[in-house]
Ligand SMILES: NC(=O)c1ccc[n+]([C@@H]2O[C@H](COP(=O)([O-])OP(=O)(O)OC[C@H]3O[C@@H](n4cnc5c(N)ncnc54)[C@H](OP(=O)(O)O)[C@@H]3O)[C@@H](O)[C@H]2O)c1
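Take a look at this single chain in structure tokens; it is the form predicted on its own.
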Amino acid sequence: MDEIIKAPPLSRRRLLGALVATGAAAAVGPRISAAQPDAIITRPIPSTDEKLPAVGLGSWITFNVGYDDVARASCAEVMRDFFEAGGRLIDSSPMYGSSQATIGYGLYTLGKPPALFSADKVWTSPGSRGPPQIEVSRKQWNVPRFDLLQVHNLLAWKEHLPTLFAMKASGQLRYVGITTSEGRRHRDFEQIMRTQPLDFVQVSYNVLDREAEARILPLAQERGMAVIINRPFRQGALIDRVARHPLPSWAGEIGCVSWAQLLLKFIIAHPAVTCAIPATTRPAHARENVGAARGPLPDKVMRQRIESLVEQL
């Protein structure tokens, strides 16, 4: 759910170097997790009360690595650390190149982790192409069914939503949602939220992009819809912006050891937010991101403090 920007190609040499640096060149298999003193923060899906960890994993660009075995092993390592840290929800789309197949490879390599909450999208027009696209996506993931399917960027939503609701009614799907990114088509988005029995909505929201606070997030609470947050780091640009500055000492009051955790805690502290989905190429960052869903969250005063600080940087 990010803007379409092609990532620079990764050479095999660069991939190998990254793997050596992270230890991902080793065989992907079970290992002992680091001690986690605090219980992971979960949020209920309003339509069922099922609990989801407040930080998930995105796959836009980062998992679009083609069919290179070394690159896919690196992504499997990211997934392994994500699950070991307590994560569940992984999000992808047919728009994301080879990301779906990369996820499928990782799930197979990891022995199909039972904790997985699979979130994908339908992204095609006309609507008649939806069912075959969904089936291709399911085979790429190699899952018996998706937990959540979303209409990506509202493309052909009038045709796709009846298909998804029918799949849900027949037990082929558990949840239905819609997505948008970067504040696009919020008026249309609101209208669909008001008229359709959605389980999930997915929007962009971060410390600098707060348009969703005005209407989308309150409406989701009013309508009993779970909220997935995309672009929590502005596709890395927000991390680049703050990384030049030291983490404020008061971030330790809510257990943050990095800017990424502070930015994620700002997001998941909003009561309407169910799960934020940062993407990463590094296993250690996957653990760090999920770690933001542990320990205390910022209150209203501290959230305003975070806003002011980042706006000034």
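Because the structure is predicted, anything quoted here is derived from the model rather than measured. Numbers for residues come from their place in the sequence shown, where the first is 1.
Just so it is clear, the following notes concern the form predicted together with the ligand, a form of the same protein that is not shown.
Student: Though the ligand is not shown, can you say which of G87, G130, G177, P232 has a heavy atom within 4.5 Å of it in the predicted bound form?
Tutor: Looking at the other structure, the residue within range turns out to be P232.
Student: Going by heavy atom distances of 4.5 angstroms or less, which of T109, S181, Q140, Q196 would be at the interface with the ligand in the predicted bound form?
Tutor: Selected option: S181.
Student: Run the contact test on S118, D147 and T274 with a 4.5 Å heavy atom cut-off to the ligand in the predicted bound form and return yes or no.
Tutor: Negative, none of the three is within 4.5 Å.
Student: Could you tell me if S98 has a non-hydrogen atom within 4.5 Å of the ligand in the predicted bound form?
Tutor: Contact with the ligand, no.
Student: Please tell me whether any heavy atom belonging to N153 falls inside 4.5 Å of a heavy atom of the ligand, as the geometry stands in the predicted bound form.
Tutor: Yes.
Student: With the partner left out of view, is G104 within 4.5 angstroms of the ligand in the predicted bound form by any non-hydrogen atom?
Tutor: Outside the cut-off, so no.
Student: Should I239 be counted as a contact of the ligand in the predicted bound form, where contact means heavy atoms within 4.5 Å?
Tutor: Yes - in the predicted bound form, heavy atoms of I239 and the ligand come within 4.5 Å of each other.
Student: Given that the partner is absent here, state which listed stretch (283 to 291, 65 to 73, 244 to 252, 47 to 55) has heavy atoms within 4.5 Å of the ligand in the predicted bound form.
Tutor: Every other range fails; the passing one is 283 to 291.
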